[in-house]
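The chain that follows stands alone, in the form predicted on its own, written as structure tokens.
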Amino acid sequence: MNEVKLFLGPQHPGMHGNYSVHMYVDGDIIKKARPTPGFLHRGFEKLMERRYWMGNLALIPRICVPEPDTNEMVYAMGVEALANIEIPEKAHWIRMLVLEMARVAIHLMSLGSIGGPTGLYTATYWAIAQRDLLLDLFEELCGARIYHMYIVPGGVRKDLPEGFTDKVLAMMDELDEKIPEYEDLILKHPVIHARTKDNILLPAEVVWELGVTGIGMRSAVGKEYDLRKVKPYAYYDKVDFEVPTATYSDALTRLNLKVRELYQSMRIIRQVIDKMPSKGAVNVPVSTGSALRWTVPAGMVYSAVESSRGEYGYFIVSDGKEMPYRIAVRGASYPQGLLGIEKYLKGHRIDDASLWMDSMGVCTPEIDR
């Protein structure tokens, strides 16, 4: 056997983010894989302990760039629990709208990204272009396309722009027409089937060993475990939706579940817009003085939301001062993006490494936090 060491990333078109996997290969078969994080490391957790409570709002969205709103939500929920803040009814509905729009956006990105390692670039162009139109709506909402800083402790920054919900509904109607085309192009394509069917398997025992949640878990064990259902936050208990599951977790099955989740997110968005009150406050004051000098009562809390990749949590400790004493992030893609690569990429082909990153939903900053 003649092993050769290859480097996938950090500057490789098949790598998701600034990350690297060192692969020892024999021919095109991976014999050993060693994930090498650190290329993106910004010390997010320690930085949050050196910034004022409100000052962290500009930092936390960067812990997962494609889905920044989950960070905003989980941070706001934790701070509100510590400070005993009750946010207005309309703020709950707006938060749900933003979170589901973000879920649609990242699933479109993930479905399109499968075109890179498989050579089906039409999928990339279609899905990313559609996602870009959704980012236009975020820009109208808050002035930013990527880092929104819109969900804040106490509610949301401001009310929805006039006519915004009509534009969101129009986008959902457009997606109703587009998603079947994505299904035909991606899920029924012979190349995609050849590369993803019975490949990148995630058996049930591996799910429990690594602590994988989200689509990775639901596709392997058939369990409808979704924090929006089992531990509802915002007003998720006031809307109807299903949690898609399967019992055979190959890459193709996970792609199928992402499409099915798209439909459920669109279903939630329509209900949110229908049930959201037209008037009412969208935030409450959290400080009687300077927001930057705001102090949060001493205590500790673990808050969690259901991101597109699974359970996303913050453990926050306050000592009653102007800055957090400790913050630890439970990145949803950490198990499959770090431990999973090292233990289970062995035996796959070189070109499957990029498929692992995409179909497992690995978001690099969650590891380099």
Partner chain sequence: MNSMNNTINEIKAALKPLKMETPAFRQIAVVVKPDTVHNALSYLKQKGFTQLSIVTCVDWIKESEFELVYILFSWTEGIHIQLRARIDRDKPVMVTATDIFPGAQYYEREVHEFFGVEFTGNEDAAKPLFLEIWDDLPPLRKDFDPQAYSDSKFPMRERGNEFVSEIGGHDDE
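Being a predicted model, the structure only gives us computed values, none of them experimental. Positions refer to the first chain, counted from 1.
One more form of this protein exists, namely the form predicted together with its partner chain; it is left out here, but the text below deals with it.
- Heavy atoms of Lys231 reach within 4.5 Å of its partner chain in the model of the complex, making it an interface residue.
- The shortest heavy atom separation between Tyr235 and its partner chain in the model of the complex exceeds 4.5 Å.
- Contact check for Tyr225: a non-hydrogen atom falls within 4.5 Å of its partner chain in the model of the complex.
- Although the partner is absent here, Ala81 is a contact residue: one of its heavy atoms lies within 4.5 angstroms of its partner chain in the model of the complex.
- For the marked spot (His107, Glu242 and Tyr263), a heavy atom within 4.5 Å of its partner chain in the model of the complex is absent from each of the three residues.
- Shown here without its partner chain, the chain has Tyr325, Arg326, Ala328, Val329, Arg330, Tyr334, Pro335, Leu338, Leu339, Glu342, Lys343 in 324-361 lying with a heavy atom within 4.5 Å of that partner in the model of the complex.
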